[in-house]
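We begin with a single chain expressed as C-alpha cells, specifically the form predicted on its own.
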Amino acid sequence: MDFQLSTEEEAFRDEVRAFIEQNLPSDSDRFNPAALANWNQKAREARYIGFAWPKDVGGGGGSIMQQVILKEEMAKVKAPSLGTCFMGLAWVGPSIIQYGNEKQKQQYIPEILDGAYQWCTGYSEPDSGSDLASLKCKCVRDGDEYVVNGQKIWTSIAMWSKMIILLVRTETEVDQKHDGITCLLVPMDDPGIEVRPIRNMGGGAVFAEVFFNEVRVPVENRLGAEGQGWQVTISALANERSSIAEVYGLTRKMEDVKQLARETRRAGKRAIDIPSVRRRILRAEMKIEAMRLNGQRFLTKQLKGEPLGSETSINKLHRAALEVELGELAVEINGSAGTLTKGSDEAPDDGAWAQFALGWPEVVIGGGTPNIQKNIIAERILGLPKD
C-alpha cells in the first residue's frame, strides 16, 4: 500500500498543526483542569473528538488516513488526549453507532463526545474472564424490563462511572455458549448495584467488583437484538485492539526509559552504556517497531475496505508484553531504589517508575489476557486445534 499523502491529506496535516500551535496547553498547564477543559472544548468544536465517527452522530466524518494523521501529529507533541471519556470513545460509542437505535444514538453519543461522564465495561466474571462466552450473569425478562442478578469483576473505573455496558445471559439452553448473550446499557446508580474497589499492588484501585441484585433495566436499554451480545462485544473489542495510538504511547515511554538510562549511573558508568541494559532497550524497540509495522498492515486492510479480524490480537499481545518489560527495565536501571514508591525520600522521580512497573494489570488484563490472545492467534490465524 502506498502511504504517500494526497494534496487534501497534506492540507489536513497543516490544519492539525495549526490547531496544535494555537491551542496546545503549555507544559505547566498539562495537569491544569481548566486548561485541559479548554483544550477539549476546542477539539470538540473542531470535531477532532470522535473524528472518524459519522457526521450525522456528531463525529468528524474523517477518513482513515486523516485519523492516522491526526493521531501522529498529536503524538509528536505529546498532546493531551482528545476527549475524556476513554471507554466511551474507544468501544462503547462505536458499538452504539453500529448496533444502537436512533434514540440511543441521540442520547449517548453527544454525551460521550462531550465527556459528560465515564463509562465502564461489565464483561469479565470470577469464572468467565478469558473465556468470556461462559459468562453467567443472569438476566430474565419481566414485561418491559430485564431483571439482572450476578457479578462482574476487573471492571475498570466502575467507582466513578455513570454508565456500564453490560453483558448478561438471557438464555441458558443454547447450542453454542456464544449464543444467548445480550448487551445492556445500565446506569450505575440503579438500585441493586454495589461496587467494591479492588486495591492493586501499587496502592491504587482502578478495578472493581460489581454486584447486581434484582437490578431492573428497561428493555429499551438493550443494545442490539436479544441474544446478539456476543457480536456487539466482538465489534467493541476489535475497536480497542486496533488502536494505532498505542504505538505512539509506547514510543514516548521508550524515550523516557532511554533518558532515564542516560541520566542514571550504575557502577560508575551511565546505565545506557551497560551492555545488558542496551540489549534490553534494543529488544523493546524492536517489538515496538513490530507493532508499528503490524499497524501498517491493519491500516492497509482498512484502506482497502476490508474488516479487521483476529490478527489485531498480535498487537494486543505485544502491548501486554511491552508494558511489563518496560516497567521491569526502568526498575533495573534505577537499582534497588527503583522499587520505592511515592512518598519515599530516596524514590526516583517520587516513585513514578515503581508505580509504572506495578501498574501493568489494567493494560495486560484489559481487552483480554495474553493467554486468550495466544489462543485467538493459534486457533483463528494458525488454524490450530481449540484449547
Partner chain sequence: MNFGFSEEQELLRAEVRKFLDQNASIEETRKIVESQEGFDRHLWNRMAELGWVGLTMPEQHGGMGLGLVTLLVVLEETGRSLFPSPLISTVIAAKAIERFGNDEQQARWLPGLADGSQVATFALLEQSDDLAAEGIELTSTRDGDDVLLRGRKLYVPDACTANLIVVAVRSGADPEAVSLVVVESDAAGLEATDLPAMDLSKRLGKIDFSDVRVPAASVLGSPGTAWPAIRYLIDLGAALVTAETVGAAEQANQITVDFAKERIQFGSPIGRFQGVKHPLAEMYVDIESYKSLIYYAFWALDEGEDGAALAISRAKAYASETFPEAGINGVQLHGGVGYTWEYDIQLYLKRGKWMRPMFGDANYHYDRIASLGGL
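Residue numbers count along the first chain shown, from 1. Fair warning: this is a prediction, and the values are worked out from it, not measured in the lab.
As for the form predicted together with its partner chain, it is not shown, yet the points below apply to it.
_Whether Leu317 contacts its partner chain in the predicted bound form should be assessed with a 4.5 Å heavy atom distance threshold; does it?_
Residue-level check for Leu317: yes, a contact with its partner chain.
*Can Lys162 be called a contact residue for its partner chain in the predicted bound form at 4.5 Å between heavy atoms?*
Residue-level check for Lys162: no, no contact with its partner chain.
*asked:* in the predicted bound form, is there a heavy atom of its partner chain that lies within 4.5 Å of any heavy atom of Ala225, even though the partner is absent here?
replied: Contact check for Ala225: no, nothing within 4.5 Å of its partner chain in the predicted bound form.
*Check whether Lys374 has any heavy atom within 4.5 Å of a heavy atom of its partner chain in the predicted bound form, and answer yes or no.*
Residue-level check for Lys374: yes, a contact with its partner chain.
*asked:* Let me test this: is every residue among Gln4, Arg278 and Leu303 within 4.5 Å of its partner chain in the predicted bound form, going by heavy atom positions?
replied: Yes, the whole trio is in contact, each within 4.5 Å by some heavy atom.
*Heavy atom within 4.5 Å of its partner chain in the predicted bound form: which of Asp144, Glu289, Asp190, Glu194 fits that? Just give me the one.*
Contact residue from the list: Glu289.
*Would you mind picking the one in Lys76, Lys269, Lys136, Arg262 that has a heavy atom within 4.5 Å of its partner chain in the predicted bound form?*
The residue from Lys76, Lys269, Lys136, Arg262 that makes the contact is Arg262.
*Where does its partner chain sit in the predicted bound form: which of 254 to 262, 110 to 118, 162 to 170, 93 to 101, heavy atoms within 4.5 Å?*
Looking at the partner contacts, the answer comes out as 254 to 262.
_Partner contacts in the predicted bound form for 137 to 162 (non-hydrogen atom within 4.5 angstroms of its partner chain)_ = Result: empty, none.
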